[in-house]
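Shown here is one chain on its own, the form predicted on its own, set out as structure tokens.
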């Protein structure tokens, strides 16, 4: 499907979907949503861009191979879960750090690192599957 209207609107739709996926990722830190749902939205955006412009255009736009993205995300999630063991707590227990940035207290946690890792795993694996399916068409 490469109509002029679709090819014209696809970059805007893709950008909005990636932005919304990051919002869902960060919002899901404390409420429903998070890395998995945000990753699915971002992978859908990549698939839409691939349908409009083809697999080669998507690979040029991503800069990083989707499998490498999934690998980095898996390592991040594993390290976030194992960090609690080194702190003397059960596996996958959330660790919180409160830092000061610009005069404001900013709470950071291992849960956020785990969510970002899940996001990258889902984006990388689903985008890899979508690109492989589009290549074989």
Partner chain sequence: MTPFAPQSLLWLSLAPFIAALVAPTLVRMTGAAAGWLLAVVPALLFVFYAGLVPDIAHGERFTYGVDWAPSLGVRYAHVIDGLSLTFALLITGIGTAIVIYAGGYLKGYAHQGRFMMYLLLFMGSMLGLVVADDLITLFVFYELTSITSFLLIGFDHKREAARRAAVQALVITGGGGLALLAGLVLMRLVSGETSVTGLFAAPDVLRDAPAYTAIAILVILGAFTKSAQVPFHSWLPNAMEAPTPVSAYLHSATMVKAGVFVLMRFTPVLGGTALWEGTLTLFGGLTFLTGVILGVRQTDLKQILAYTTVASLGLLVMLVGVGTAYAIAGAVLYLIAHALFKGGLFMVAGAIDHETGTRDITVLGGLASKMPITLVAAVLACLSMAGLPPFIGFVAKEVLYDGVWKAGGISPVTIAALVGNALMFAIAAAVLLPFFRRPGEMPKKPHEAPLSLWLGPLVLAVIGLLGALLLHDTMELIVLPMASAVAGTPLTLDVHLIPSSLKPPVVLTLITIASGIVLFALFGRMRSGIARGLTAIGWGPDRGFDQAMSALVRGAFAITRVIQPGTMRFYVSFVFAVLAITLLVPPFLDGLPTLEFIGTMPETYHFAVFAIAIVGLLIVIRAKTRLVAIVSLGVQGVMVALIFMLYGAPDLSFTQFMVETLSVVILALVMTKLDLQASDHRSPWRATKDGVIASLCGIGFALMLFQVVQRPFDTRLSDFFLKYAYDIAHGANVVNVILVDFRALDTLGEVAVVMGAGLAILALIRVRPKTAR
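Residue numbers count along the first chain shown, from 1. Note that the structure is predicted; figures quoted are calculated from it, not measured.
Omitted here: the form predicted together with its partner chain. The next part is about that form.
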Does its partner chain get within 4.5 angstroms of any non-hydrogen atom of residue 15 in the predicted complex?
no
Contact between residue 89 and its partner chain in the predicted complex at 4.5 Å, heavy atoms?
no
Can you tell me if residue 10 lies within 4.5 angstroms of its partner chain in the predicted complex, counting non-hydrogen atoms only?
no
Would you check, heavy atoms only and a 4.5 Å threshold, whether residue 101 touches its partner chain in the predicted complex?
no
Pick from 74, 64, 57, 84: which residue has any heavy atom within 4.5 angstroms of its partner chain in the predicted complex?
74
Is any part of 100-116 within 4.5 angstroms of its partner chain in the predicted complex by a non-hydrogen atom, and which residues would that be?
111, 114, 115
